[in-house]
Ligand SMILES: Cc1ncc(COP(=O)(O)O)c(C=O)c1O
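Quick setup: one chain, the form predicted on its own, written in structure tokens, and binding and motion questions come after.
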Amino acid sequence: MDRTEKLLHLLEAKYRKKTRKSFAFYRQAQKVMVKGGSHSLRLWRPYPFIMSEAHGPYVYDVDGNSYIDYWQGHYANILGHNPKVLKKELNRFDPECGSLHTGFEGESQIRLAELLMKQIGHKDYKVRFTTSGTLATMYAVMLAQAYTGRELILKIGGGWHGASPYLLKGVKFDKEKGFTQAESAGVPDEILRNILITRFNDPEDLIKIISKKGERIACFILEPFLGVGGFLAASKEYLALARSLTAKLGIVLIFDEIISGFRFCPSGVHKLYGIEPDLATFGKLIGGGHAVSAVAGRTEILDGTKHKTPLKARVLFEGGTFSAHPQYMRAGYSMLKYLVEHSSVVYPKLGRSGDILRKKIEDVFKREGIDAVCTGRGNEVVRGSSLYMVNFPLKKVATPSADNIWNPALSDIPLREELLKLALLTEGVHVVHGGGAISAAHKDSHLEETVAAYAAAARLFKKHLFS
């Protein structure tokens, strides 16, 4: 047994001791659910704690443990768990009248749509709601293919757009194939052959691919602030080039703003760049803690959903049974309204907290002689970021990218994904991919406690792995 496995066993023993009730529940779950749960990121080694409640920056488990949480509802809870301002607004409505699903159109979705369109601020844009980021990006791709009559899809290596078959390629790094492999069985080879991969923030690679196959490409979909690929901001020059090349060849430019939408400003992050995509997808924050996502964009493209559109070009974008659920719409409207009205306070605070946490985390590892690099910083356009990921480079790289953050030859992935997670859990902090999203509910005192937890992890790593 190597030193990494020995430390894992030590941490697992400590974790098991404080989560005995969670383990019992998990054993029950394994009997009735695949792997004992419904989302892979929620199922970690040796088993997940079972949540009992969550408020503000904290989540509590059935054993009575509290954790300062940076997962925050898959990065959706920008105001923290169950914020009072939203609960107060939603409690104004009679729970017997309109809170359960009916399947009819309602006023609340109009209010959310109007506010979303006002904040995005692009002329001749419309929106349609659905219930998940996966559905939103899937529909966006289908709309682009129908509008252009083309089938090829260009995406970023390391870019995650949900589990749509159209985009399940080039998400996880393979040491031999890089970001070129399929991510799931069950996706037809014909679809996989239509997915092209380019490197994030690499103008030369983008020019090369579009010059070669641009006239066959239906869309280029990318996150202007790369999410799971490393929390990396696109350069303004790169997005401007993407806009220029796609416009020239009639390629639909799709910005996936599921994570970045309303995270850095009360709109899509593309508004900070001053670059208008043809379609944009939103989710997470726009639901106010509920299952809401949306496709917004040029009316002539979204008109492909109309019944009068010829069948050959019609997209069956019906949204799903629970799309535009009235309670979800009211929650989303309350969230966006609050962010718009308090943007001058919320966003500077989040950016400041991100800067503090990233710097102090790097400092505590540096004191122990361990090289740790926090990604998630903004740039000259995105000036404040509340996202962070802790990486342990094995070799010096000039610029962090998805290719080196997820390459096991260049980055110690088990140290980030397994050891650090368990080490922090035993100290009362919960993270994903070594970090996560800071909320407005995280005060300076919570940041200090978090830094202390990282410092304890750093000392542990030095003692067992780097001595």
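Values in this document were obtained by computation on a predicted structure and should not be read as measured data. One-based numbering along the sequence shown.
Another form, the form predicted together with the named molecule, is not on view; read the next lines as being about it.
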Heavy atom of each of D69, T426 and Y454 within 4.5 Å of the named molecule in the predicted bound form: no
Segment that reaches the named molecule in the predicted bound form - one of 131 to 139, 76 to 84, 348 to 356, 375 to 383, heavy atoms within 4.5 Å: 131 to 139
Sole residue of G289, G319, G162, P266 within 4.5 Å of the named molecule in the predicted bound form, by heavy atom: G162
Listed residue (A218, M329, I259, L143) with a non-hydrogen atom within 4.5 angstroms of the named molecule in the predicted bound form: I259
The named molecule contact at D278 in the predicted bound form, heavy atom, 4.5 Å: no
Partner contact for K169 in the predicted bound form: the named molecule, 4.5 angstroms, heavy atom: no
K155, heavy atom within 4.5 angstroms of the named molecule in the predicted bound form: no
Contact flag, K284 vs the named molecule in the predicted bound form, heavy atom cut 4.5 Å: yes
Interface residues of 394 to 418 toward the named molecule, as seen in the predicted bound form [heavy atoms, 4.5 Å]: none
